[in-house]
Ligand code: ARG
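Next up: just one chain, as C-alpha coordinates, the form predicted alone.
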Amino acid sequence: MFFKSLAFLLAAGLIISLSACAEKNDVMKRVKDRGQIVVGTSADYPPYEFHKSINGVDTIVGFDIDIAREIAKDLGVELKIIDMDFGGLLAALNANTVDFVIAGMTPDEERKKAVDFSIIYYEAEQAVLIRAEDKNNIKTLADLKGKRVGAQQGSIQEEIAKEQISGANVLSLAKVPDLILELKTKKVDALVMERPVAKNYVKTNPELFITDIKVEDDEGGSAVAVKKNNPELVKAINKTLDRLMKDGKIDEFFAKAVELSEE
(Lines give C-alpha, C1' and ligand atoms only; values in the text may rest on other atoms or scores of the structure.)
Protein backbone atom coordinates (compact mmCIF):
# COMPACT_ATOMS: atom_id res chain seq x y z
CA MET A 1 0.00 0.00 0.00
CA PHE A 2 2.87 2.31 0.89
CA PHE A 3 4.54 1.76 -2.47
CA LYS A 4 1.29 2.37 -4.34
CA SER A 5 0.86 5.64 -2.46
CA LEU A 6 4.43 6.57 -3.16
CA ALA A 7 4.00 5.76 -6.82
CA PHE A 8 0.84 7.87 -6.91
CA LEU A 9 2.60 10.81 -5.28
CA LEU A 10 5.55 10.52 -7.64
CA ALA A 11 3.21 10.38 -10.64
CA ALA A 12 1.27 13.36 -9.36
CA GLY A 13 4.48 15.26 -8.83
CA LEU A 14 5.56 14.48 -12.37
CA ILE A 15 2.22 15.68 -13.74
CA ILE A 16 2.49 18.91 -11.75
CA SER A 17 6.07 19.36 -12.93
CA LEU A 18 5.12 18.80 -16.56
CA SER A 19 2.18 21.16 -16.16
CA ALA A 20 4.48 23.84 -14.71
CA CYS A 21 6.89 23.40 -17.62
CA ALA A 22 4.07 23.69 -20.14
CA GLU A 23 2.76 26.80 -18.41
CA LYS A 24 6.26 28.27 -18.39
CA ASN A 25 6.39 27.87 -22.18
CA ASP A 26 2.86 29.21 -22.72
CA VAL A 27 3.89 32.72 -23.68
CA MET A 28 0.36 33.76 -24.64
CA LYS A 29 -0.95 32.89 -21.16
CA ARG A 30 1.91 34.79 -19.54
CA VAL A 31 1.24 37.83 -21.73
CA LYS A 32 -2.50 37.81 -21.01
CA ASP A 33 -1.99 37.32 -17.26
CA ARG A 34 0.54 40.13 -17.13
CA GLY A 35 -1.35 42.48 -19.45
CA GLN A 36 1.92 43.25 -21.19
CA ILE A 37 3.96 41.80 -24.04
CA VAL A 38 7.73 42.33 -24.17
CA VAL A 39 9.43 42.72 -27.53
CA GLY A 40 13.16 42.30 -28.02
CA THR A 41 14.86 44.36 -30.72
CA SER A 42 18.23 45.82 -31.72
CA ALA A 43 17.58 49.52 -32.21
CA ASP A 44 20.52 50.41 -34.44
CA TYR A 45 18.95 49.53 -37.77
CA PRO A 46 17.03 52.45 -39.31
CA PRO A 47 14.38 52.45 -40.66
CA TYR A 48 13.53 49.11 -38.98
CA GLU A 49 14.28 50.21 -35.41
CA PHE A 50 16.39 53.06 -34.10
CA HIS A 51 16.71 55.66 -31.35
CA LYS A 52 15.17 59.08 -31.89
CA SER A 53 14.74 62.07 -29.61
CA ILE A 54 10.99 62.72 -29.42
CA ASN A 55 10.06 65.84 -27.44
CA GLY A 56 13.46 65.63 -25.75
CA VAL A 57 13.02 61.96 -24.78
CA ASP A 58 15.17 59.16 -26.21
CA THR A 59 12.63 56.88 -27.89
CA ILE A 60 12.90 53.65 -29.86
CA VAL A 61 11.02 54.06 -33.13
CA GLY A 62 10.89 52.45 -36.57
CA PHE A 63 8.54 50.48 -38.73
CA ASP A 64 9.24 47.23 -36.83
CA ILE A 65 8.21 49.05 -33.65
CA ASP A 66 4.99 50.22 -35.28
CA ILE A 67 4.26 46.60 -36.16
CA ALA A 68 5.03 45.50 -32.60
CA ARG A 69 2.56 48.08 -31.28
CA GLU A 70 -0.12 46.72 -33.59
CA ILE A 71 0.54 43.19 -32.32
CA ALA A 72 0.18 44.38 -28.73
CA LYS A 73 -2.97 46.34 -29.58
CA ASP A 74 -4.62 43.32 -31.21
CA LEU A 75 -3.78 41.23 -28.15
CA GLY A 76 -5.25 43.91 -25.87
CA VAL A 77 -2.04 44.37 -23.87
CA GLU A 78 0.67 47.00 -23.35
CA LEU A 79 3.96 46.87 -25.21
CA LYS A 80 7.34 46.95 -23.47
CA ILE A 81 10.49 47.31 -25.59
CA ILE A 82 13.88 45.86 -24.66
CA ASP A 83 16.87 46.96 -26.74
CA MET A 84 19.90 44.66 -26.96
CA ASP A 85 22.61 43.41 -29.30
CA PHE A 86 21.19 41.58 -32.32
CA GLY A 87 23.25 38.47 -31.56
CA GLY A 88 21.61 38.03 -28.15
CA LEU A 89 17.98 38.32 -29.22
CA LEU A 90 17.12 34.65 -29.70
CA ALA A 91 18.86 33.65 -26.48
CA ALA A 92 16.77 36.28 -24.65
CA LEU A 93 13.64 34.87 -26.31
CA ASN A 94 14.36 31.32 -25.18
CA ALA A 95 15.23 32.55 -21.68
CA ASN A 96 11.79 34.24 -21.45
CA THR A 97 13.43 37.66 -21.12
CA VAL A 98 11.31 38.78 -24.08
CA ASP A 99 8.05 37.38 -25.49
CA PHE A 100 8.80 37.93 -29.17
CA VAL A 101 11.54 39.40 -31.35
CA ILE A 102 11.17 41.84 -34.22
CA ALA A 103 14.41 43.21 -35.65
CA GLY A 104 14.47 42.87 -39.42
CA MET A 105 15.32 39.21 -38.76
CA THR A 106 15.56 36.69 -41.58
CA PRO A 107 14.07 33.26 -40.73
CA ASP A 108 16.95 31.15 -42.02
CA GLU A 109 17.17 27.40 -41.44
CA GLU A 110 19.63 27.68 -38.55
CA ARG A 111 17.38 30.09 -36.63
CA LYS A 112 14.34 27.91 -37.30
CA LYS A 113 16.00 25.17 -35.28
CA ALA A 114 15.98 27.42 -32.22
CA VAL A 115 12.71 29.37 -32.55
CA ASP A 116 9.50 29.59 -34.57
CA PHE A 117 8.71 32.38 -37.01
CA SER A 118 5.72 34.28 -38.29
CA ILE A 119 4.99 34.78 -41.96
CA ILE A 120 7.33 37.09 -43.89
CA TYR A 121 6.13 40.67 -43.46
CA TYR A 122 8.74 42.53 -45.52
CA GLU A 123 11.31 41.68 -48.18
CA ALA A 124 14.31 43.85 -48.93
CA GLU A 125 17.35 43.54 -51.17
CA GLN A 126 20.85 43.20 -49.82
CA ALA A 127 23.47 45.81 -50.69
CA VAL A 128 27.21 46.36 -50.51
CA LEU A 129 28.20 49.71 -49.04
CA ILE A 130 31.62 51.24 -49.66
CA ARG A 131 33.35 54.62 -49.45
CA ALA A 132 32.47 56.87 -52.41
CA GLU A 133 36.16 57.34 -53.18
CA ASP A 134 36.39 53.60 -53.95
CA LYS A 135 33.41 53.38 -56.34
CA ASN A 136 35.65 53.02 -59.40
CA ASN A 137 37.71 50.27 -57.76
CA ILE A 138 35.01 48.11 -56.18
CA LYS A 139 32.33 47.12 -58.69
CA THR A 140 32.03 43.34 -58.36
CA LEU A 141 32.27 40.63 -55.72
CA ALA A 142 35.63 39.70 -57.21
CA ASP A 143 36.92 43.18 -56.39
CA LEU A 144 36.32 42.39 -52.71
CA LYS A 145 38.58 39.35 -52.70
CA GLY A 146 41.11 39.74 -49.91
CA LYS A 147 39.40 42.90 -48.69
CA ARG A 148 38.05 43.62 -45.22
CA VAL A 149 34.28 43.33 -45.21
CA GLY A 150 32.02 44.16 -42.27
CA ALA A 151 28.59 42.83 -41.28
CA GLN A 152 26.39 42.75 -38.20
CA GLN A 153 27.17 39.87 -35.88
CA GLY A 154 24.66 37.04 -36.04
CA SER A 155 22.92 38.45 -39.13
CA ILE A 156 22.17 36.99 -42.55
CA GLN A 157 24.54 39.62 -43.94
CA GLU A 158 27.37 38.07 -41.94
CA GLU A 159 26.66 34.72 -43.62
CA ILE A 160 26.54 36.37 -47.05
CA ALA A 161 29.90 38.05 -46.48
CA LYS A 162 31.52 34.81 -45.35
CA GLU A 163 29.97 32.55 -48.00
CA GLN A 164 29.75 34.73 -51.11
CA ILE A 165 32.80 36.98 -50.94
CA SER A 166 35.75 34.76 -51.72
CA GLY A 167 38.85 35.41 -49.63
CA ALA A 168 37.27 38.27 -47.70
CA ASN A 169 38.40 39.04 -44.17
CA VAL A 170 35.04 39.43 -42.42
CA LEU A 171 34.67 41.71 -39.43
CA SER A 172 31.52 41.05 -37.37
CA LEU A 173 30.35 43.68 -34.89
CA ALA A 174 27.21 43.87 -32.74
CA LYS A 175 26.13 47.39 -33.73
CA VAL A 176 25.64 48.80 -37.23
CA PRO A 177 26.81 52.35 -36.27
CA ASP A 178 30.11 50.80 -35.21
CA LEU A 179 30.40 49.15 -38.62
CA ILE A 180 29.69 52.47 -40.35
CA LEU A 181 32.47 54.06 -38.32
CA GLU A 182 34.85 51.24 -39.29
CA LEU A 183 34.06 51.90 -42.96
CA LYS A 184 34.43 55.68 -42.70
CA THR A 185 37.77 55.36 -40.89
CA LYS A 186 39.04 52.81 -43.43
CA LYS A 187 39.21 49.91 -40.99
CA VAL A 188 37.05 47.92 -43.44
CA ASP A 189 36.61 48.28 -47.21
CA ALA A 190 32.92 47.40 -47.52
CA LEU A 191 29.80 46.48 -45.55
CA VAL A 192 27.00 44.07 -46.39
CA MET A 193 23.57 45.28 -45.20
CA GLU A 194 19.97 45.58 -46.30
CA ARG A 195 19.46 48.21 -49.00
CA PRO A 196 16.91 50.35 -47.05
CA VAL A 197 19.35 50.54 -44.14
CA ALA A 198 22.26 51.37 -46.44
CA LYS A 199 20.21 54.13 -48.09
CA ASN A 200 19.53 55.72 -44.71
CA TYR A 201 23.20 55.80 -43.80
CA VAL A 202 24.22 57.21 -47.20
CA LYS A 203 21.78 60.10 -46.79
CA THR A 204 23.51 61.19 -43.60
CA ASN A 205 27.00 60.16 -44.74
CA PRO A 206 27.54 61.41 -48.32
CA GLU A 207 31.08 60.06 -48.28
CA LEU A 208 29.55 56.55 -48.52
CA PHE A 209 28.25 54.84 -51.66
CA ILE A 210 25.94 51.90 -52.46
CA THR A 211 27.41 49.70 -55.19
CA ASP A 212 25.53 47.77 -57.88
CA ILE A 213 27.04 44.53 -56.59
CA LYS A 214 24.43 41.78 -56.35
CA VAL A 215 24.51 39.19 -53.58
CA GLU A 216 22.17 36.24 -53.28
CA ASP A 217 19.70 36.01 -50.41
CA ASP A 218 17.83 32.72 -50.73
CA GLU A 219 16.29 33.03 -47.27
CA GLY A 220 14.98 36.56 -47.91
CA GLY A 221 12.58 38.69 -45.95
CA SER A 222 11.90 39.62 -42.33
CA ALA A 223 9.72 37.73 -39.86
CA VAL A 224 8.79 37.84 -36.17
CA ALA A 225 10.48 35.27 -33.91
CA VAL A 226 8.60 33.45 -31.14
CA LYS A 227 9.72 30.79 -28.67
CA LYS A 228 9.04 27.28 -29.96
CA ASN A 229 5.74 25.53 -29.21
CA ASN A 230 3.64 28.67 -28.94
CA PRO A 231 1.27 28.23 -31.90
CA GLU A 232 -1.43 30.46 -30.39
CA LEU A 233 0.92 33.44 -30.26
CA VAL A 234 2.29 32.78 -33.76
CA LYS A 235 -1.29 32.58 -35.08
CA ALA A 236 -2.19 35.90 -33.40
CA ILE A 237 0.92 37.62 -34.79
CA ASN A 238 0.23 36.27 -38.28
CA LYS A 239 -3.32 37.59 -38.07
CA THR A 240 -2.01 41.08 -37.27
CA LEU A 241 0.61 40.91 -40.04
CA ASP A 242 -2.01 39.75 -42.56
CA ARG A 243 -4.23 42.70 -41.66
CA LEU A 244 -1.38 45.21 -41.89
CA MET A 245 -0.25 43.92 -45.28
CA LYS A 246 -3.76 43.81 -46.74
CA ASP A 247 -4.45 47.36 -45.53
CA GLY A 248 -1.16 48.67 -46.94
CA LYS A 249 0.00 49.61 -43.46
CA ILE A 250 3.42 47.92 -43.74
CA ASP A 251 4.41 50.21 -46.61
CA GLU A 252 2.92 53.18 -44.74
CA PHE A 253 4.91 52.37 -41.60
CA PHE A 254 8.08 51.93 -43.66
CA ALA A 255 7.68 55.29 -45.42
CA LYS A 256 7.01 57.01 -42.09
CA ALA A 257 10.07 55.43 -40.49
CA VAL A 258 12.29 56.48 -43.39
CA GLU A 259 11.05 60.04 -43.09
CA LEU A 260 11.56 60.03 -39.34
CA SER A 261 15.10 58.70 -39.70
CA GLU A 262 15.95 61.54 -42.08
CA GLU A 263 14.77 64.35 -39.80
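One-based numbering along the sequence shown. Here the structure is a predicted model, which means the values were calculated and not measured.
There is also a form predicted together with ligand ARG; it is not shown, and the following applies to it.
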Exercise. May I ask you to check whether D44 falls inside a 4.5 Å heavy atom distance of ligand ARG in the predicted bound form?
Key: yes
Self-check item: Non-hydrogen atom contact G104 with ligand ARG in the predicted bound form at 4.5 angstroms
Solution: yes
Quiz item: Could you tell me if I156 has a non-hydrogen atom within 4.5 Å of ligand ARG in the predicted bound form?
Solution: yes
Quiz item: So in the predicted bound form, does any heavy atom of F86 sit within 4.5 Å of ligand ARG?
Solution: yes
Self-check item: Region of this chain that lies against ligand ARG in the predicted bound form, out of 45-53, 230-238, 29-37, 206-214 [heavy atom, 4.5 Å]
Solution: 45-53
Quiz item: Each of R111, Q152 and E194 near ligand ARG in the predicted bound form, meaning some heavy atom within 4.5 Å?
Solution: yes
